[in-house]
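Next up: just one chain, as structure tokens, the form predicted alone.
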């Protein structure tokens, strides 16, 4: 699943460790999500959306939807 997490994080000058602390996960989890190696759980996706004051859909992009059109 593609996402805008790295761009959103860097816009705020947050490190992966900063975001991980705010979201209550490890830095390795943030790294894996940013690189698309791990899809976040729904609770984590909601926490990230709240941190950035965005909807989940504004952060995470369903690749199937992008190729269907």
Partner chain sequence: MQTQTRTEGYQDSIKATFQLFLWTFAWGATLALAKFGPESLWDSDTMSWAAVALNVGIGIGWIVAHARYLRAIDELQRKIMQDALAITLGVTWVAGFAYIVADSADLISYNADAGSLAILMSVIYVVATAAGHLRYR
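What you are looking at is a predicted structure, and each value in this text was computed from that prediction instead of being measured. Residue numbers count along the first chain shown, from 1.
Heads up, the form predicted in complex with the partner chain isn't pictured, but that's what we're talking about next.
Contact annotation: residue 54 falls outside 4.5 Å of the partner chain in the model of the complex, judged by heavy atom distances. Contact check for residue 15: no non-hydrogen atom falls within 4.5 Å of the partner chain in the model of the complex. Although the partner is absent here, residue 59 is not a contact residue: none of its heavy atoms lies within 4.5 angstroms of the partner chain in the model of the complex.
Contacts between stretch 1 to 37 and the partner chain, counted in the model of the complex as any heavy atom lying within 4.5 Å, involve 14, 21, 22, 23, 24, 25, 26, 28, 29, 31, 32, 35, 37, listed in sequence order.
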